[in-house]
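Presented below, as structure tokens, is a lone chain in the form predicted on its own.
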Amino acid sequence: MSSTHPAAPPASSAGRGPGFVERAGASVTRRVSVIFYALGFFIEILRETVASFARRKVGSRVLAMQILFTGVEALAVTAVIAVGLGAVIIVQGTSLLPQFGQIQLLYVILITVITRELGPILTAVIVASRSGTAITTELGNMVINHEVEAYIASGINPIAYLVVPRFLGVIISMVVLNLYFNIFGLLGSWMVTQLIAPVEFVQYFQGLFGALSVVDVLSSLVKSVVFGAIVSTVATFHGFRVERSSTEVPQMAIKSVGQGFILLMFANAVITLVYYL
């Protein structure tokens, strides 16, 4: 007599980890929630920034220190990069363009590369590398030391007292550093090139200001403001994302710089595209 055995039950999925679809869905959901949280964080910053003008003395010391660190202390490195970049463009232009009878394009190239494109983005990269990481680290340590909780327990909005002064300080510093970069890139580099490929003073500045337009200045100014808002928002956002361990601080600082660079390049591409439309 043949014995019948019940069919083996199917392997239970309870013992297995989540499949690829579940993991992908959870990852997408988590990223979307972070994006919406970041948008809400940015809107709150804008709201508190507008309200801060009615509280002129609130965060004034933090604002001054932020401008000092972000703007004043970055003048030296900004000047060196600007002079080097401008000198390279002038030397290359005066060497190559005359061969094609297009020496007048040198000034258009200078305005396009320095004032409209590389000036704002390189200034933003300098600020993100120096001040962005510093802001994220400082706020992250404040979270770990429960200083942010103390603000909240005292009825003080940490965004109004900790974020807004840094937000405004970075934007103001970015605009000033961009102007400083343009001055050294366009004028300081001319003095350097006199040792290599002399260009007449009158000829250089007439051609330079002839190629410069109001739209170029406005484009550079808009980029400075937008880039400053991006760097400060990303830095403060990641600073507040630190939860309980000091090892999270450098991790968030690295994420702040990486995501900041990505957003800066994206914003630069969008603004440039709008300029040429």
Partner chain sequence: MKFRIRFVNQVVGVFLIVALGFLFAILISIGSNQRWFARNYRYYSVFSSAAGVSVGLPITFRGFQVGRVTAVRLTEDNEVHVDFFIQDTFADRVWEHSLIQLVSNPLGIGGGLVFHQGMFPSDPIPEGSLIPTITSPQGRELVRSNLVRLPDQDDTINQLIDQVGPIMRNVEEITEILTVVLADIAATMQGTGEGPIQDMVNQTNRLLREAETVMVNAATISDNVAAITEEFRDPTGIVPRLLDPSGSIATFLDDDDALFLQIEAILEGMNRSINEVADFAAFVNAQSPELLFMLEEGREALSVGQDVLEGLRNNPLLRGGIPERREQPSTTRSFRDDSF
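Positions refer to the first chain, counted from 1. Everything quoted here is computed from the prediction, not taken from an experiment.
Not pictured, yet referred to below: the form predicted together with the partner chain.
Contact annotation for W190: none of its heavy atoms lies within 4.5 Å of the partner chain in the predicted complex. Interface residue remark: G210 is counted as part of the site for the partner chain in the predicted complex, having a heavy atom within 4.5 Å. Using a 4.5 angstroms limit between non-hydrogen atoms, E149 is distant from the partner chain in the predicted complex.
Within 4.5 Å of some heavy atom of the partner chain in the predicted complex lies at least one heavy atom of Y180. Shown without its partner, this chain lists G140, P165, G71, G93 as candidates; in the predicted complex, only G71 has a non-hydrogen atom within 4.5 angstroms of the partner chain. This chain appears without its partner; in the predicted complex, the one residue of Q194, N145, Q206, N157 with a heavy atom within 4.5 Å of the partner chain is Q206. In the predicted complex, no residue of the candidate spot (V34, M265 and V274) has a heavy atom lying within 4.5 Å of the partner chain. Residues with any non-hydrogen atom within 4.5 angstroms of the partner chain in the predicted complex fall in just one of 172 to 180, 81 to 89, 118 to 126, 132 to 140: 172 to 180.
In the predicted complex, F100, Q102 are the residues of 95 to 116 with at least one heavy atom within 4.5 Å of the partner chain, listed from first to last.
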